[in-house]
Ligand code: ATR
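So this first bit is one chain, no partners, the form predicted on its own, shown in structure tokens.
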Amino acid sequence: MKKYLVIGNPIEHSLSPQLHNHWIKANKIDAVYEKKKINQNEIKDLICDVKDKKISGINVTVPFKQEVITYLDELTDQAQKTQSVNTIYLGTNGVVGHNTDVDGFKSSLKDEYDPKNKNILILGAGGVVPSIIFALKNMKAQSITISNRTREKAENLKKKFENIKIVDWGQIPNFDMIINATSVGLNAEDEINLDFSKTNNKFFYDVIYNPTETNFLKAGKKFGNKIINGKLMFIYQAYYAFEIWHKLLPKVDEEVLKLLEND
């Protein structure tokens, strides 16, 4: 039986096992997918387990999407350009790091919103943000502005991606779409504490999918904006990882959507 993992810290909230094990069962694959809370000093041994074929694949979530790169033999183009890895597998020349967050984000917007020629504000500068910036640039966004509580992290992103703007935390410049890419919202009581009272008919996107409606999204809805959580992004980044590992495309249907409705 093949073994797959999602690693992170925290990891308790992750619904990756429900999703992947559903697809594994539906496609009659002899495998199991589990979640594992780790510390940074455990990464090297896990990558060795992939090399030794004890583990067939790993998904990576916060805070290790950059940290794992040191231990990998090869990066795909998207992983290289974003310096962010969320999917690991054994390739011909060693252990490969890939990034399915880019295509996951793009696919999540397919029937929801077109960022072309739009002004985008992103809250946060870690984890998945390089993937979102990369995707938005590919989708021809007009402008991308970053606001992060630690300005230095935002400045580091500016070194990687040309033409992005940075504003201090608390400032709300004009935007068409705002994305919460911070971890604020994983706990039900979390508040971003930004004033959205002057927004209307904008698009609020939260990469968090559990809980379904964070306080950030509730604020957006309260002032008459369209809202969407990270459920579709989560599903599609898993969809592309599943394709890499198992060489087949799983179904994204109502049954899959219902798997993630467990606030």
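Don't overthink the numbering: it's just position in the shown sequence, from 1. Computed from a predicted structure; not experimentally measured. Note that the rigid core is defined as the largest set of C-alphas that superpose within 1.5 Å between two forms.
One more form of this protein exists, namely the form predicted in complex with this ligand; it is left out here, but the text below deals with it.
- At the 4.5 Å threshold, heavy atoms of G124 reach this ligand in the predicted bound form.
- This ligand is not drawn, but in the predicted bound form it has a heavy atom within 4.5 Å of S183.
- In the predicted bound form, this ligand lies farther than 4.5 Å from every heavy atom of K137.
- Heavy atoms of N174 never reach within 4.5 Å of this ligand in the predicted bound form, leaving it off the interface.
- Just one of N148, S107, T87, T145 comes within 4.5 Å of this ligand in the predicted bound form, counting any heavy atom, and that one is N148.
- Screening F161, Y113, Y71, W169 for any heavy atom within 4.5 Å of this ligand in the predicted bound form leaves a single hit, W169.
- Heavy atoms within 4.5 Å of this ligand in the predicted bound form belong, among the stretches 89-97, 113-121, 175-183, 73-81, to residues of 175-183.
- Taking 2 Å as the criterion, E162 does not count as shifted between the shown form and the other one: its C-alpha moves by less than this amount when the rigid core is aligned.
- E191 is among the residues whose C-alpha shifts by 2 Å or more between the shown form and the other one once the rigid core is aligned.
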